[in-house]
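Listed next as structure tokens is one chain, alone, in the form predicted alone.
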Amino acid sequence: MKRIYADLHLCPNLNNERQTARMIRKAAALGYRLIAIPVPLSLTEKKVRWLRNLCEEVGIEFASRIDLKPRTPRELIVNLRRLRRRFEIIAVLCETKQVARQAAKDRRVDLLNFPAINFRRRFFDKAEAELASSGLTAFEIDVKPLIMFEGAARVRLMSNLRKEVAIAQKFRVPTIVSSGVSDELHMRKPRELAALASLFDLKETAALEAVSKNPVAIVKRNREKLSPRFVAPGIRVIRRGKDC
């Protein structure tokens, strides 16, 4: 079966329509068939429709995403209650251990993302992975820092990623490899992202799944949940009648 490649964290400047359009077209040319772009709450529905239409024109599926950056677990819970049914992907940028723990165990969270610069705020450890493994949360790695960092910072990041990926695999937490880029010059083909994943010890099959099977599964699952036919996991409305 042919792989469907996805980048769940393409970050164009949505105020610059030309740049956004160029990045979407380039994503299609590079071989992606699904992209997610973080959408701020202030973005109008008209602009979201423009994004969807542009993706459709170039043969790419568009998934709406929001990046939450809560200061406390309580703030995260409130945001999830308010936003879960408005977005196809919810990612949490974890900058405190308390937020990271709450995000890992909450089944409404799709992606855990950790700061690349402040290594002391990378909280993906065994306890975090165990919580995530009991829910539906995946561990997201952006490759942008690997492209941008140099010297000791890059070496240290790769060292941390190797440890975190090993923990994720031990607890069977899905790993997602995304670009995280906001400049078309930094965009890479899906297999190039997978090749970069080898730097933190993801084997070839797992690396390819991190840019295809794993992200596609998240979007598919959430679209089913957001469907009006969804009742509960494994239960959908097929037909309504007088006796239902």
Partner chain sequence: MLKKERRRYLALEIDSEETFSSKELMNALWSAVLKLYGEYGASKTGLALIDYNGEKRFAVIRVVHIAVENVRAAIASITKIAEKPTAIHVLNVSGTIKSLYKKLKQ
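Everything numeric here is computed off the predicted structure, so don't read it as measured data. Numbering follows the first chain given and starts at 1.
There is another form of the same protein, the form predicted together with its partner chain; it is not shown, and what comes next is about it.
Although its partner chain is omitted here, in the predicted bound form none of Arg33, Ala36 and Lys213 has a heavy atom within 4.5 Å of it. Interface residue remark: Arg154 is counted as part of the site for its partner chain in the predicted bound form, having a heavy atom within 4.5 Å. Taking non-hydrogen atoms only, Arg188 approaches its partner chain to within 4.5 angstroms in the predicted bound form. Not displayed here, its partner chain is approached by Ala195 to within 4.5 Å at the level of heavy atoms in the predicted bound form. For the chain shown alone, Arg49 is not a contact residue for its partner chain in the predicted bound form, no non-hydrogen atom being within 4.5 angstroms. Residues with any non-hydrogen atom within 4.5 angstroms of its partner chain in the predicted bound form fall in just one of 144 to 152, 108 to 116, 82 to 90, 129 to 137: 144 to 152.
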